[in-house]
Structure formats: C-alpha cells, structure tokens
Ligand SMILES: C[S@@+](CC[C@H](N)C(=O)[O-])C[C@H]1O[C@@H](n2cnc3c(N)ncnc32)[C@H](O)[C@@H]1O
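Single chain ahead, written as structure tokens, the form predicted on its own.
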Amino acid sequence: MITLTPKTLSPFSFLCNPIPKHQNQNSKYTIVTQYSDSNSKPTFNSNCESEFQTERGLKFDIGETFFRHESATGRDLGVLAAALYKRSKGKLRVLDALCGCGIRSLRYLIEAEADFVLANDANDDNRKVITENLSQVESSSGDDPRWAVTLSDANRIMTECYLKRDFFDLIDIDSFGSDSSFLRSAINALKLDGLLYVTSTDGFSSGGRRPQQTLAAYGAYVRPMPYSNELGLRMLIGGAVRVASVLGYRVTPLFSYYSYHGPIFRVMLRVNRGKLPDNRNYGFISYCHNCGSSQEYSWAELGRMSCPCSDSKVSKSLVVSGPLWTGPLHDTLYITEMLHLAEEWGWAGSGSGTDLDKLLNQMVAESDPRLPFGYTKLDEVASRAKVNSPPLRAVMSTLEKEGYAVSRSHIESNAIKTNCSMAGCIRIAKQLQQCSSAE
C-alpha cells in the first residue's frame, strides 16, 4: 500500500497536505475519452455524507460543494482547448483558481494530460473532497509533481504565483457573479500566448438592468437590447480587453459560450503582448426600438449617433451600449480544430447528435466573418411584420438564396445571425406568410 502525497510547486505557506488515499501498487488509472453518463443521476454512499457524479466516465465526489452537471459542456470546451494547447506547445500547466470539488482539475489532468494542475479553492471545508478526487491521479511523475491543492483567495494565489514567477499556460476562473475582480491578477500569472478561461453569471447586468454595475465591473454601460445574452459575452470580453490593455497586453477570443442555466457566459481568451491596434473591435453598439436595426460605432463617432429611420439628429428610439467587444466571438480555425479533436475522442461526429457536436458546428457557422454582431429573433421579426413567426429553416433558406450570410445562433434557439437588415427579414417573413396562405 502507498500513500499519495503530491509535491508542491513552490513554498506557499497555505498549500494543504492531501488526505492520504491508499491504493493497490499495481493499479493503473484508465483514461476514458468516450462520452458517458454526463447527465447521470447522483448516487449516495451508505452513510449519506457524500454525493457522487459521473462525467465523461470519470467518477467523483462533490461533497458539500456547489456543482451543476449542466455545466459539463463548458468543462468539455475547456478540456478541448487545453488539449490543443498541450499538443501545440508540448507542455501544459493549469491553474484552476476556483476549483469547487475539483472535477475541472481532474479532467485537465486526465483528458488534457496536463503536466501539472494547481487546484485552488477559498473554502477550507472543501479540502477533503478536492484531494480525494485528485488522488485518483498519481501525485507525481518522477521528481515532478502532477498536482497540488491550495486553500486561498483566488487573487492571492494568482498574485503569489506572479511574484514567484510561477506562470501558467491556462488559468480557469469559473466564478459566481463577475470575473472582473480576478482579471488583472490572472493576466499577470499567465504565460505569454497562454489561455485565460473567464466566466460571468450576471444575467441582470447583460440585460441592461444594472448599467452602473456593468460600468464599475467591466467599464461598459449596458442598455436593454434584444440580443442581451450576446451582449453579456461582449461585455465580458470587453472588460478583459480593457484590463489587458492597461497591463500592456492584448486578448483575442478563441470561443465564446452562453448557456441558459445560471445563466453562464464563458469565454476562452489568448493573451499576448501588445495593445489592441486603434481600438479595433472595441467600441459601441446601438439598437433602434423603432425600426429594429443595429449599428456599430467607433470612439470617434461618439456624439454623432442616429438611426436612418429618423430625420432628427437625435433619435429618441436609439439606445447605445459600450464600450464592448464588437469583433468575432469565435476563431474559425480554432473552433474547427476543437471539433476535429472532439470527433477524434468520440465526443462529436459520426452522427453522434450530442449537444457538444451541435454546439461546435453552430460555433463554426457563427464565426463566418460576414456575420455582424447580434442576432435576430424570429418572434421580433414576426411581431414587426404582423404575421405568424416564420419557420427558422425557411427563413434561412430564403436568405441564402438571396445571397445573404446566415447561421443559427447557439445563444438563442429561435434566432438567426445574418447580414440582412431587419427590414429585409420583415419582407421575407411576409413573403413566407403569403406563400403559406396560398397553399
């Protein structure tokens, strides 16, 4: 019998010693890459003190931690990105800044084959469940540690890493509420060309209900708009752009993911030296309640905002949000690589029909450079056209025949992203209604 005791990376005074876990010396851990039981019901042990879940074939204890199996897709995306980084760079060191029960850390170790994972959580009560879950993986490879656990404030641990020049390739911050308070310390603790996986769960702010709060947290004044959930992603990216620029860095979104439960806004960013040139893709977005059109404005155009549907220099129906990220939400090539890896692992492709398969294919379609920001809800089109809501596929087919770029939105099920104006969409909805009536 052996005791797994991981060695520490650096002499932090608050690194905890894992709970010893005894295993057979000859036992080996099997990597499971097939999709299995991600939505399985929890099982309870005999004394009812622990609750177990299974995700992608990995069994783990959630203890008293907050856990949602619905967030598995966000963890899938993070693992795919981490695995691609490991393949391209040959090495992967991960900091899971708010690890909860440690399932993300475990998946980075097993599926992404991370060389080292530092799992941190501020709640000392989670010590046992984290260390027992990670103890499924050998604590070291030769003289090099595979994982360690810290119990500290996330900003403190990242600042300690920065001061000790102990940089990471990927930092995952899966927080509740806003990630804005972690951005500066996370960027400082990240290697150049590293990955920063950030989160927001503040749907009220993205919906424009708390503009003063978004201004304080992300430097953006957000107003109510029909595509508020996309604004939440752009607000999060824009906040990272602002903080990174202050520190002399630039960030590029590799993918952006929204999930209704929570809601959850997750963005994977690549961080490098240099500021964003000429404030490109960092500006203002307008929406006209009168005609339903949206426009993008640069900083130089402030004070000259109006809608073509109004003869007045000041359009009372116009609302403006910003500054926000106005550029692409996904990198086409990167999403394609993620899709190929998911197919290689059996998570997508071959007619699997999994949620991840559909999501990645939708993200590829959304990354068409011809598509502008925002999405168009077919219910809004129908309301303005005074017709029944047209079938989504029929609208998309008509738009494609007329030469417009169009895709479904992964954010809103009954919405499309297109470079066709609202007026054009209304015209098509009326045409489809007439054809349906004629039949």
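Remember, it's a predicted structure, so these values are computed and weren't measured experimentally. One rule holds for the numbers: they count along the sequence shown, beginning at 1.
Note that the form predicted in complex with this ligand isn't included here; everything after this is about it.
Novice: In the predicted bound form, which of 159 to 167, 331 to 339, 99 to 107, 248 to 256 comes within 4.5 Å of this ligand (heavy atoms)?
Specialist: That would be 99 to 107.
Novice: With the partner absent here, would Arg68, Ala154 and Phe182 each sit within 4.5 Å of this ligand in the predicted bound form, counting heavy atoms only?
Specialist: Judged in the predicted bound form, Arg68, Ala154 and Phe182 all sit within 4.5 Å of this ligand.
Novice: Within 4.5 Å, heavy atoms only: does Ser317 come near this ligand in the predicted bound form?
Specialist: Because no heavy atom of Ser317 falls inside 4.5 Å of this ligand in the predicted bound form, the answer is no.
Novice: Is there any non-hydrogen atom of Asn123 lying within 4.5 Å of this ligand in the predicted bound form?
Specialist: Because a heavy atom of Asn123 falls inside 4.5 Å of this ligand in the predicted bound form, the answer is yes.
Novice: Determine whether any heavy atom of Arg146 comes within 4.5 Å of a heavy atom of this ligand in the predicted bound form, and answer yes or no.
Specialist: Contact with this ligand, no.
Novice: Quick one: does Phe176 come within 4.5 Å of this ligand in the predicted bound form, counting heavy atoms only?
Specialist: Contact with this ligand, yes.
Novice: Give me the residue from Arg75, Lys86, Arg242, Arg223 that has a heavy atom within 4.5 Å of this ligand in the predicted bound form.
Specialist: It is Arg75 that has a heavy atom within 4.5 Å of the partner.
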